[in-house]
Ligand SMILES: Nc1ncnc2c1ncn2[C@@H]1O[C@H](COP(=O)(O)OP(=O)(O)O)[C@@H](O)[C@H]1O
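A single chain, nothing else alongside it, follows as structure tokens in the form predicted alone.
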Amino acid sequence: MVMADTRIVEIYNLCKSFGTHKVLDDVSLNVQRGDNLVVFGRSGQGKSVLLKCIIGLMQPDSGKILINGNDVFSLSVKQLNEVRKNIGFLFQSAALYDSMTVRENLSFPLKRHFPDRTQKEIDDKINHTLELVSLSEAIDKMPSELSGGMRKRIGLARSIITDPELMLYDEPTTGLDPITTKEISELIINLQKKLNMTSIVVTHDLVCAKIIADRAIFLREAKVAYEGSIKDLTDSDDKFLKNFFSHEIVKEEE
């Protein structure tokens, strides 16, 4: 039997609809500390909604989410912000502030969550984090001066700069070429090991999933339809899965 204190995320009977469109229907799952969970699913199947519910950006219709034993939807704003200190979120677009330099983008979450830190402590943390993503030279550049892969790396740096226990990734390799996709995926797994993080990764990218995942789930018709290792899912005789992954394997080989 798994002890509760090994679980960083516990989701019970989560439901969410937009009008008559149900995107999550009685979804339950646990994520163990140190795990990398990949979430597959076709567009509009609730993958991003699941992440937004986990971090409290979106309210479900019913169900419960616990982060380190804390019920996300019963917390006050102050308590939720304390929980969010330990959660990093990398959005599809990297969500950098275009009017700020890389240095300013990275200092923003530090000043927000740790107002007592000195400027030297902030500068040291920024420099160290940029070293982790191999972009120290970009510190005074504007986001518009960066390539797509560099923007993703800076977005990742900003997400990990508060030393989160849990990282949420929403399509981290969307729009990237195959070589950059592999580089970003390997960077994610290396940082996860180095910083002892737990990760939930929403993706349709099989290259990314194969590098990152310890296990995977597949959302279909608003439910967790399949669960197992990447090999379990890609080698399955299930007609739906074979069709889905055959398209992804073609992309991988192109």
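Each residue number is its position in the shown sequence, starting from 1. A quick note: this is a predicted structure, and the numbers were derived from the prediction, not measured.
Keep in mind that the form predicted together with the named molecule is not shown, yet the notes after this line are about it.
J.: Please determine whether residue 42 contacts the named molecule in the model of the complex, using a 4.5 Å cut-off between heavy atoms.
T.: Contact check for residue 42: yes, within 4.5 Å of the named molecule in the model of the complex.
J.: Given that the named molecule is not shown alongside this chain, does residue 36 nevertheless sit within 4.5 Å of it in the model of the complex, heavy atom to heavy atom?
T.: No, residue 36 stays farther than 4.5 Å from the named molecule in the model of the complex.
J.: Is there a heavy atom of residue 23 lying 4.5 Å or less from a heavy atom of the named molecule in the model of the complex?
T.: It does: once the named molecule is placed as it appears in the model of the complex, residue 23 has a heavy atom within 4.5 Å of it.
J.: So, residue 58 and the named molecule: in the model of the complex, are they within 4.5 Å at any heavy atom pair?
T.: Yes, residue 58 sits close enough to the named molecule in the model of the complex that at least one of its heavy atoms falls within 4.5 Å.
J.: Looking at 222, 197, 49, 217, which has any heavy atom no more than 4.5 Å from the named molecule in the model of the complex?
T.: Only one listed residue qualifies here, and that residue is 49.
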